[in-house]
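Next comes just one chain, in structure tokens: the form predicted on its own.
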Amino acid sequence: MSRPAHRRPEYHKINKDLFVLTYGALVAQLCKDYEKDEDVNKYLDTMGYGIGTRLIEDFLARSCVRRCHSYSEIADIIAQVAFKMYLGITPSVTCNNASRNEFSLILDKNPLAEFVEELPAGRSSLCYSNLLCGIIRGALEMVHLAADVTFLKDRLKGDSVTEIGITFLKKLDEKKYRRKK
């Protein structure tokens, strides 16, 4: 028996709490494996980058967003569509400079750190949710935008909010990626 043609594809969702707890266990294991916080931060960023390079395809297919014409449009799409779609939150967006290529995503609540009250002792430079920076950077690179993505503030470090900074560096050469006809 064949499937009806009008049926939407099903997307499997995992329990949010299971994901957050699994992520916490991953960070804890990385802290055991690496002595330096910088090494853990780099590993989380690299993992996130790999996720972002694959997640962008799912995002573009499911969200039906159109081509953006400015960096501010891109920052708004990341905050209002992508974060809502994958993390269930909508961070606020602020522009940080006159050339309009630096933006901040301000998260009132960080879902990855939901069950974390404080960083482990002796881990003051750990960026617990650095995976998010890698995901954003990887996804942007796949749509030909080079960006520097870092944590500017973190509630786990005593700040009032969690803030992710995105600096758009340049558009990558699209000709290099186009197919020859």
Partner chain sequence: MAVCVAVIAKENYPLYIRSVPTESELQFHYMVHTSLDVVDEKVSAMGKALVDQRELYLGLLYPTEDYKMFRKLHNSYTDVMCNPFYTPGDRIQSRAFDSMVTSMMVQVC
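Source: prediction; values computed, not measured. Positions refer to the first chain, counted from 1.
Not on display, but discussed next: the form predicted together with the partner chain.
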State yes or no: in the predicted complex, is some non-hydrogen atom of G24 no more than 4.5 angstroms from a non-hydrogen atom of the partner chain?
yes
Contact between I56 and the partner chain in the predicted complex at 4.5 Å, heavy atoms?
no
Indicate whether the partner chain has at least one heavy atom within 4.5 Å of a heavy atom of A28 in the predicted complex.
yes
Please determine whether G50 contacts the partner chain in the predicted complex, using a 4.5 Å cut-off between heavy atoms.
no
Name the stretch, out of 132 to 140, 42 to 50, 65 to 73, 108 to 116, where some heavy atom lies within 4.5 Å of the partner chain in the predicted complex.
108 to 116
What residues in 63 to 93 sit within 4.5 Å of the partner chain in the predicted complex, counting heavy atoms only?
none
